[in-house]
Structure formats: structure tokens, C-alpha cells
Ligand SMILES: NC(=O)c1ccc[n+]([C@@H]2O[C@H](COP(=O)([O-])OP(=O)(O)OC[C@H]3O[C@@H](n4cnc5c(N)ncnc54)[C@H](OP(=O)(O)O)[C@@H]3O)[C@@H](O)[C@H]2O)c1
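A lone chain, given as C-alpha cells: the form predicted alone.
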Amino acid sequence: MVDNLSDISFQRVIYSAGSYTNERIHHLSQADSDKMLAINLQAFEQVFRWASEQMKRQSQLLDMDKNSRLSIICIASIAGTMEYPYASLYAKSKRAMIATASAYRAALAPYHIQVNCIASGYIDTQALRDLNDGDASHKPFVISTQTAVKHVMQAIDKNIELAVFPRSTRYITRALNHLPKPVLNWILRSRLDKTT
């Protein structure tokens, strides 16, 4: 796919693909594991590598003004902002995505290429409703797609390295991350619906 796009100039590339299996309810199968790793981490890394090379070439060829900066954005998850041993494959791959985007941000700064990572909480999308028997209203701090788009566009416009929203979820994850690791591990492990 990216080879077919190599002759096209982009001002902005957004990686928003993702795969999720609820590991709190289901044991991870080989197929689910392969799919999540391929989409959430391997394809993301390939697209970011390709986009960075494309945009480095573009930045050297073009005299970009400040209003038309080049940018690469990835959509991670608030799950990736938590660090604990019992995290799911999904959360660990999103954590790796956040760290990788941060590294690209530093590496592409000399080229004046903006890199942003979005780590949202629950967004009331059809995919989320499908995972929850048609209703996601019970999810904590769930926000509408319109609200999420507003937050994403503000993060891009303000060039925020890691945008975590909604605010209530951001505060809770920050507080949890400041707990001693054994306490955090106990809290989060006790939330699992299956034995590990």
C-alpha cells in the first residue's frame, strides 16, 4: 500500500488502525495475538517509518511556511499510559506506540516535522458499541465522536506531543501511575475477570 502512495505528497499522515480483543474476558488466541501485534505495532511502525522518509524528502524540497507544517499523528489509547506487569497485549502495544511516536518527534524535529500521539479514553463509536452488545453508555467517562474530534484537532493545532483525554480519565491514570507498583498491580489485577 505505502509503495503505491510514494509518489503522492502529504501534509498530514494519521495512523488510526487498531485491533482489540478483550483479554479480561477471553483468553488470547494465536490468531487474535497475531492480528493485534500486526495492526497495533508492526504496521504502525512500518507506516511511521515510511511517512517519516516521505516527509523528510518533502521538507527538503519545499519551503514550508509555518501554517502548512508537515505532521505525522498516531491514535493510541489511554490504556498505553499505564505501566504495570499485567497489562494486556493491546495496552502494551499502545504503550510502545506512544514511546515510538515520542522518539520520532525528537528525530524529526530538525526537519520541522510535527509528530503527535493521541491517547484517548472511551469514545462512543460503533466499534465500541459492537464490543459491548450495542451500548457503550456504561463505560466510564465515555465521550462522543464530535468531542473526540475536537480534542484531536486541538492537539494537532497546538502541537501537543501526547494528548490524553478526557480530562477526568487523564487525572485518574496519572494518580494511579503515582501509586507504589505493588499497590497498582494489586488494584489492576483484581479488576481482571479471568484468572491469569
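The model shown is predicted, which means the values in this text are computed figures rather than measured ones. Residues carry their position along the shown sequence, with the first being 1.
Quick note: we don't show the form predicted together with the named molecule, though the next part is all about it.
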Only hit among M82, I113, I75, L89 for heavy atom within 4.5 Å of the named molecule in the predicted complex is I75
Please identify the residue among I187, A17, L179, I172 with any heavy atom within 4.5 Å of the named molecule in the predicted complex. A17
Do T125 and the named molecule share at least one heavy atom pair within 4.5 Å in the predicted complex? yes
Should I39 be counted as a contact of the named molecule in the predicted complex, where contact means heavy atoms within 4.5 Å? yes
4.5 Å heavy atom contact, S71 to the named molecule in the predicted complex: no
With the partner left out of view, is T100 within 4.5 angstroms of the named molecule in the predicted complex by any non-hydrogen atom? no
